[in-house]
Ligand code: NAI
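First, one chain by itself: the form predicted on its own, in structure tokens.
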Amino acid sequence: MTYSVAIIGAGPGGYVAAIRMAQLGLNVVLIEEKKLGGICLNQGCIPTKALYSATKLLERTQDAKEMGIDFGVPTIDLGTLASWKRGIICRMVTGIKTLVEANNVTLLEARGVLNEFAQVALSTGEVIDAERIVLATGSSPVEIPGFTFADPHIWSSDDALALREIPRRLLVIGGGVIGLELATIFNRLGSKVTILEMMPEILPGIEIDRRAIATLKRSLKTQGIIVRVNSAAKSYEDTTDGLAVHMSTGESVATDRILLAVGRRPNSASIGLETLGIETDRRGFIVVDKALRTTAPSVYAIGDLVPGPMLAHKGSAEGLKLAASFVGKTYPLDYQTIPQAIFTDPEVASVGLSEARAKEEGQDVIVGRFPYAALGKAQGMRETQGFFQVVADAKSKRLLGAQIIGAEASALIAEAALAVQNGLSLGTIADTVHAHPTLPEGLKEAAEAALGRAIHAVNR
């Protein structure tokens, strides 16, 4: 049987593409060797955010005590917590399978690779013919010299999320998104956490302005998390006081477990790219054009396999874009308007251009900020850290970007993303009546501040 489309990989890019393509009338086969939902659902986004939410309760018990409500000293049942997390994943995997089947997508549980005839060869021995092939095999954690995941002392993010233990001391190598999120979770669980980042600043490569970075670093310090920048991990040794990790600075850090979180690489090896001459760059990302076509006819790639931010929602959007293009339609995907959310404490979220990036591009901009501390809702929540920031074109007042650092930033960024993607002005946001008292008022107030007409902040 020949399918309209064969998709290798059922993560947030692959399964979303499969469902939408089937909805548009295409005959689709979805091939996955492990679990539906990919890394994001099974070992990444979902379990991380579930544990972020669960461990937030430990912080809230202290807040409650200061409000006059005392629950006593909290205890952690690690087995129950791990089981609860697995339950969430299982329910969501089952839900995706139901949706795939309901949309008449053929699901094959096998490893799929390209062969020289532009077919998909399965680990079962079967060969799949398709008019188009979509590669969506995701990414994997990166190792560095001297630190390998085969060593039981070294955790990957998968190992950390398995919740087998709460180490007394945890050293996180890598101050990027994954490292900071897991550092937050284990700090709440009771580990003494140290973060090593080889670059001059945490969150390297992320478009976050220095003011937000400084706010986050102050909060991490207040929580007891030690951050060491310009400090690369070179080697380690097992000592009578646990593990001694030696740094490029000549110093050493004592720890009980090492979490290696220095980034991810695309799973582009061993899927048959060479049989069709599909080009990759020096980092292993598959080279695609604006239509997400590889250098081989009728073969496409999406998600973590292609250049761009390694975000689940980016992969899903690319899947939707491909689906539309396969039936002669268009899907409005603008990579500049893809939001990002980082689940630290406080949360950090952004969309569009940062103030620094806009100025680097020579744009004349105006900036407005509004502090969480000035919001009645934030005061009542005891979540007063952080601020809202908007960046707009000075002449047209069109919103170019926004950053939010503070409670529920991951949800609050959606309004800003809508505004940036649709070219809305500061006036449109400022003149939209927002419910009071709520956190979204902060975005309205930041827009008012940028226009020089702030009510609840001093105009500057």
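Bear in mind the structure is a predicted one, so any value in this text is a computation, not a measurement. The first residue of the shown sequence is 1; numbering continues from there.
The same protein also has a form predicted in complex with the ligand, omitted here; what follows describes it.
> I'd like to know if Thr280 sits close to the ligand in the predicted bound form, meaning any non-hydrogen atom pair within 4.5 angstroms.
No, Thr280 is distant from the partner.
> Find out whether any non-hydrogen atom of Gln340 is located within 4.5 angstroms of the ligand in the predicted bound form, and reply yes or no.
Gln340: contacts the ligand in the predicted bound form.
> Lys49: heavy atom within 4.5 Å of the ligand in the predicted bound form?
Residue-level check for Lys49: yes, a contact with the ligand.
> Even though the partner isn't displayed, in the predicted bound form is Gly263 close enough to the ligand, meaning a heavy atom within 4.5 Å?
Contact with the ligand, yes.
> Only one of Gly386, Gly352, Gly368, Gly179 comes within 4.5 Å of the ligand in the predicted bound form by heavy atoms, so just point that one out.
The residue from Gly386, Gly352, Gly368, Gly179 that makes the contact is Gly179.
> Only one of Ala269, Met199, Ile88, Ala244 has a non-hydrogen atom within 4.5 angstroms of the ligand in the predicted bound form; which is it?
Looking at the other structure, the residue within range turns out to be Met199.
> Between the ligand and Gly11, Ile96 and Val299, in the predicted bound form, does every residue show a non-hydrogen atom at 4.5 Å or closer?
Result no, not one residue of the spot touches the ligand.
> Please identify, from 124-132, 80-88, 328-336, 227-235, the stretch that has a heavy atom within 4.5 Å of the ligand in the predicted bound form.
Of the stretches listed, the one contacting the partner is 227-235.
> Note that the ligand is not shown here; using its position in the predicted bound form, name the residues of 121-160 with a heavy atom within 4.5 Å of it, in sequence order.
The stretch touches the partner through Ile144 alone.
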